[in-house]
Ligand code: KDO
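The chain below stands alone and is given as structure tokens, in the form predicted on its own.
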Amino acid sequence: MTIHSMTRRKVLGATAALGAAVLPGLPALAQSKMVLRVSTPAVPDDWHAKMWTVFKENLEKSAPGEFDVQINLSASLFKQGTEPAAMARGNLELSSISAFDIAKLVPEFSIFTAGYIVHDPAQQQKIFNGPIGTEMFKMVSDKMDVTPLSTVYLGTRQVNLRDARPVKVPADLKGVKLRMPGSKEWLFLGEALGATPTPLAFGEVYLGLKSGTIDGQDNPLPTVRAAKFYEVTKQIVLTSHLVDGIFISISNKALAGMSAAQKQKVTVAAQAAAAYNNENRIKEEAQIVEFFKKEGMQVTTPDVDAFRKSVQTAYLNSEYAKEWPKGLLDRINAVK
């Protein structure tokens, strides 16, 4: 063996040894980063998709080199609704879960799928950032093995009518064939609003409004614009009957592998992501109202308190309310 080859071997060995050890003061190797896979059905242009970039950037600043956040949009990693099971198994770290998905495994949470429970986005945040949220999120963590970190405003559903009419109280919607999604929960809400709920596939709503098969439909205002329902309707009634939300959640298995400091940083990042979404979503909805007015539509506001009282009474007298924790509705109503 030549001196040259012996020297070369020593150099290579020393280099390998240096690479195998993390020297004091040097950053951790890329392999030591904790992988955080994100799965969401949101499409790239949606605020609910863009917020995950905010989450990732926040963590990169607060915990440089500690996490590898991998964002998967458009349900490319897991189909919508399958994320909770994947997280419980440890096959997924993060996702945004709907109240409807949570309620399937935590029936007590179904109160947040009912009409007029949450009044507006501001109250939504106060509810979930306070004692009620702490209690309900612990219940979710215990039963689903995932922990909600922050509450994301999804939108407020409004009534959209083919022909303009005075609408102040639920009785004013009597006889109105109001398109609702086909499940019994949605049809119950339509009936509670005072209308005649009519199940119809979303893809058939535009033609149904144009032909008069249905008299109206309900959706958040961005959906009304995106689907161009304003072309075949004349009125938006700001009933605000369902303030919907989704919850940035993390697998308990992922949390178990984090230090207390890392858990705090991940929580702060999730809160920053939700705040980004909420601010932009609320701003968009406000601008959309002006858009509809410019299109010549009537935008009216009914007696929302009358609607709320009627709808909540309907729910309290139904099978749905049997799952709600005693006194929870009164506590929610007391949050201002």
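The first residue of the sequence shown is number 1, and the count goes up from there. Just so it is clear, the structure is predicted and the values come from calculations on it, not from any experiment. We call the rigid core the largest set of C-alpha positions that still match within 1.5 Å between the two forms.
Although not depicted, the form predicted together with this ligand is the subject of the following passage.
Only one listed stretch (38-46, 58-66, 303-311, 290-298) carries heavy atoms within 4.5 Å of this ligand in the model of the complex, and that stretch is 38-46.
Here is the short version: of 147, 219, 124, 233, the single residue with a heavy atom within 4.5 Å of this ligand in the model of the complex is 219. Exactly one listed residue, out of 80, 213, 262, 196, brings a non-hydrogen atom to within 4.5 Å of this ligand in the model of the complex: 80. The candidate spot formed by 110, 190 and 240 lies out of contact with this ligand in the model of the complex, as no residue has a heavy atom within 4.5 Å of it.
Taking the partner from the other structure, this ligand in the model of the complex has a heavy atom within 4.5 Å of a heavy atom of residue 223. This ligand in the model of the complex is approached by residue 186, whose closest heavy atom lies within 4.5 angstroms of it. By the criterion of a heavy atom within 4.5 Å, residue 246 is counted among the residues contacting this ligand in the model of the complex. Interface residue remark: residue 157 is counted as part of the site for this ligand in the model of the complex, having a heavy atom within 4.5 Å. Heavy atoms closer than or equal to 4.5 Å to this ligand in the model of the complex belong, across 189-215, to one residue only: 202. Core-superposed comparison between the shown form and the other one: the C-alpha position of residue 225 differs by no less than 2 Å. Core-superposed comparison between the shown form and the other one: the C-alpha position of residue 119 differs by less than 2 Å. Put the two forms on the same core and the Cα of residue 201 is off by 2 Å or more between the shown form and the other one.
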